[in-house]
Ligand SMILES: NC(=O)c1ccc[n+]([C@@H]2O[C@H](COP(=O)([O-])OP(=O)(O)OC[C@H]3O[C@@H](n4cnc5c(N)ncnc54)[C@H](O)[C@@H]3O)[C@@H](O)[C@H]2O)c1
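Quick setup: one chain, the form predicted on its own, written in C-alpha cells, and binding and motion questions come after.
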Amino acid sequence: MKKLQWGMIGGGEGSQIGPAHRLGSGLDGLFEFSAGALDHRPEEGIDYGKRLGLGNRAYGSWQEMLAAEKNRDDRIDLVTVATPNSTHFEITKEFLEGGFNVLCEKPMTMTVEEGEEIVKISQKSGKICAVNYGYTGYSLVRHMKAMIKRGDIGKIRLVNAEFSHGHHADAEDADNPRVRWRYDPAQAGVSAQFADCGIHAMHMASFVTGQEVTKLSADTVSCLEQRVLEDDAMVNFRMDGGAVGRLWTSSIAIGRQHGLGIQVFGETGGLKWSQEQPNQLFYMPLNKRLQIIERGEANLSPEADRTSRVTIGHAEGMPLAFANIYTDLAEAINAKIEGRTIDPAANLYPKAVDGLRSMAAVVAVAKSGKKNGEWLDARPPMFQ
C-alpha cells in the first residue's frame, strides 16, 4: 500500500482537535504529515507548521495552501479541515473542486443546501469527502454494528443515545473564546449543542443500526439565558427501518465528563456501549445472562478485528478511533489509485451523505425546538 501524503487546515497550537488528528493520521504509518495551514493568523500558522516539520509546506492560509499544492507533483492525497463550522463548506468545496480528497470536521456545512452541494461535487469529481464522526472508529462500535447486521439481537425496536457533558455550565466562562463561538449563530449556525455533540449521538444511532432518521421532535433550551443557541436538547426520532429513537444532549450537565453512549434494544437482545469505557460492549440476550464482550478478544467480527491494535485488557482511546477512520481512508484512496474494490471492512468511514443527513437533522431540531416540539421531516430534500 502506498504511503500517502496528508495535509491539515486548522488544528493549530492549543487546538482541542488538532493533536488527535495528527496522532490518528500517523499512527499506522499510512500517511505522512506533509502540509498545513494551521492557524487563521498566518505568521503563527507558518511558525507552528515549521516546528512540526512542514518546512516550506507550512502555509499562511488555506488559499495559499490550495494554490501551491495543486501545482506539486507530490501533492497531498488527503486534506483534513479542522476549522470553525462557518468555514467548512467553502474550504471543503474548493479542495474537492481542486482535485483533493477531504476529511471535514463536523458539521460538514452550515446549511442543508450547502450539504447537498458538497455531496454533488464529491460525486461529480470522484473525490472522497468524509466527515469526522470519529467515534465510529472504535473497535467495539464496529462490532456492535456487525452484531446488529447479522441479527444477533433481532429486529431493532428502540435506540437510546446520549452525548452530555457539563463543561459549559459555568456562567463565568461565557467569554472564553473556546466556549463563546459555539453559541454564536454567526460561527456555529442554527444550533449549538446538538450541532456540536448531539449529531455524534444521532449519527452513531444510524451507524450501528443501519437505519436513517426520517422525522423528529425536539425540546431545546438555553439554560444559560445569555446564550442565543441551545445548551440542552431532548430529541425523539423515528428511523426508516422502524426503530424508535431517544436522544439527550447537554453541555450544562455538571458531573458528566464526555458522556457519549448508546443502547440498542431488539426483539431478542440488547447492546450497550459507552465512550468512557470503550473496551467493553455489554450484550444481554433475551432470557439469558449478561455478557461483557472485551475489545481484543478472539473471534470477534472482521470489522472489530481490523480496528484493534493493542492486546486485550489495555485501553485504546479516541486518537486510535480517529486512526481507524484514517486507515479506512487510506484503503479507500489506494483502492481508487489501484483501480480495485475497497475492503468492505474498511468502507465504514462516514461520508458526505452522512454529513448532509446530519445537517438536515440539525436544522429540523432547531426548527422543532422553536415550534414546541412539532414533528418534522429530518431528511434532506434530495432524500425525501
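Don't overthink the numbering: it's just position in the shown sequence, from 1. Nothing here was measured: the structure is a model prediction, and the numbers come from that model.
Unshown form predicted together with the named molecule; subsequent notes refer to it.
S.K.: Looking in the predicted complex, any heavy atom of residue 39 within 4.5 Å of the named molecule?
M.R.: Answer yes; at least one heavy atom of residue 39 falls within 4.5 Å of the named molecule in the predicted complex.
S.K.: Residue-level contact is defined here as any heavy atom of the residue lying within 4.5 Å of the named molecule in the predicted complex; does residue 96 satisfy this criterion?
M.R.: Contact check for residue 96: no, nothing within 4.5 Å of the named molecule in the predicted complex.
S.K.: Look up in the predicted complex whether residue 83 has a non-hydrogen atom within 4.5 angstroms of the named molecule, and give yes or no.
M.R.: Heavy-atom contact with the named molecule at 4.5 Å: present for residue 83.
S.K.: Quick one: is residue 16 in contact with the named molecule in the predicted complex, heavy atoms, 4.5 Å cut-off?
M.R.: Heavy-atom contact with the named molecule at 4.5 Å: present for residue 16.
S.K.: Look at the stretches 101 to 109, 247 to 255, 232 to 240, 285 to 293 and give the one with heavy atoms within 4.5 Å of the named molecule in the predicted complex.
M.R.: In the other structure, the partner sits against 101 to 109.
S.K.: Please state whether all three residues 88, 132 and 200 have a non-hydrogen atom within 4.5 angstroms of the named molecule in the predicted complex.
M.R.: Each of the three qualifies.
S.K.: In sequence order, which positions of 347 to 377 have a non-hydrogen atom within 4.5 Å of the named molecule in the predicted complex?
M.R.: If the 4.5 Å heavy-atom criterion is applied to the named molecule in the predicted complex, 347 to 377 yields nothing.
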